[in-house]
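Taking the form predicted alone, here's one chain by itself in structure tokens.
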């Protein structure tokens, strides 16, 4: 199926016709990639947040070989002095909130694990197939972002999730039973930043939309772990797309001048039936969100956790509001939906903490780990509590909001073979869809700031 889609897609891809001019301050000299090291390992977020990648980059730029553990890579500090990442590292982080709920017990989790399939084979592409998918993903994302320049933008921005509704401090308190049963974060509470966004690629979207809930958490020795979830309703807890290739076909609708032409391209790549289903599902996922504090979000793709019993388990993630449902929003004249949500939540965070339950759904017999459109059958068990603390320092809040805006999220930080950090087994990405996200997020991050 993947090979068929790649073959179909060759005729609909184009190389951008407008020369791209990188901003001088953002684009360091690039090393020689002829040794087969993928370019997306050295995107700005990797160089900022992954010292392993940065050390490899500097060695290659100087004409030397890529670093390895034998070269002393393990001695590289995982957090830069003065960075917000260092500030949130376990040695420096002190939570200002406490968990507010009772945790799912060990016995209940063990009961779920007793029927959960173990050591499920990863279907992620390898070898030549992976190379072709990587090149296709990079070209497709580059093409989508280039449309921003065609539409008059002064530089490229995020492919989607352009409008930030909230960015700032977050704390996650972990269920002790989960920490006891899995290779997990060593800390009881983890600090980091959250970015909540409207999923549209528009700068100031209005009306119904999908929403994103992104976390970048700082764990053992300062390693960052990114958790990305998207909103909707329980009816839309599954993905719109079967796999990563289908997701790229759907993304190709972003910013396209002719929606009819875009739908025709998508139908050509995935087939007319799947294309129609995806369009309908996207419509269902768009909601009239009353308040950011009411956002419910899912990971949709599966991730891997290693149990203390030596087995690997597949999980999906969900964030469910714990704070009281917000009263009906009061709209101001001339205010867009995204402006109202951002302003409303700014007022809420000035008064109170905002909390979500962070839950895991373990794969059960009969569940499909490879088709994102299929919901899973198992119960959700509580693994933690996400808290956006009440704002105490307005100036610091603005700094963290800017940090969230600038962060280039990627679920693969600290997970790949060349930069595995101490928490690499915590929510390890599983399957072809997540592998495609490595290349898509990497290319989107690499293009940000590029001007026409």
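Positions refer to the first chain, counted from 1. Everything numeric here is computed off the predicted structure, so don't read it as measured data.
The same protein also has a form predicted together with a small molecule, omitted here; what follows describes it.
Although the partner is absent here, residue 445 lies within 4.5 Å of the small molecule in the predicted bound form, judged by heavy atoms. Within this chain, residue 212 lines the site of the small molecule in the predicted bound form, having a heavy atom no more than 4.5 Å away. Though the partner is left out of this view, residue 191 does not reach within 4.5 Å of the small molecule in the predicted bound form, counting heavy atoms only. Of the heavy atoms in residue 301, some are within 4.5 Å of the small molecule in the predicted bound form. Scanning 159, 361, 338, 223 against the small molecule in the predicted bound form with a 4.5 Å heavy atom cut-off leaves one residue, 159.
The partner is absent here; in the predicted bound form, the one residue of 89, 250, 124, 229 having a heavy atom within 4.5 Å of the small molecule is 229. For the marked spot (175, 314 and 386), a heavy atom within 4.5 Å of the small molecule in the predicted bound form is absent from each of the three residues.
Across the options 330-338, 80-88, 160-168, 97-105, residues that bring heavy atoms within 4.5 Å of the small molecule in the predicted bound form belong to 160-168.
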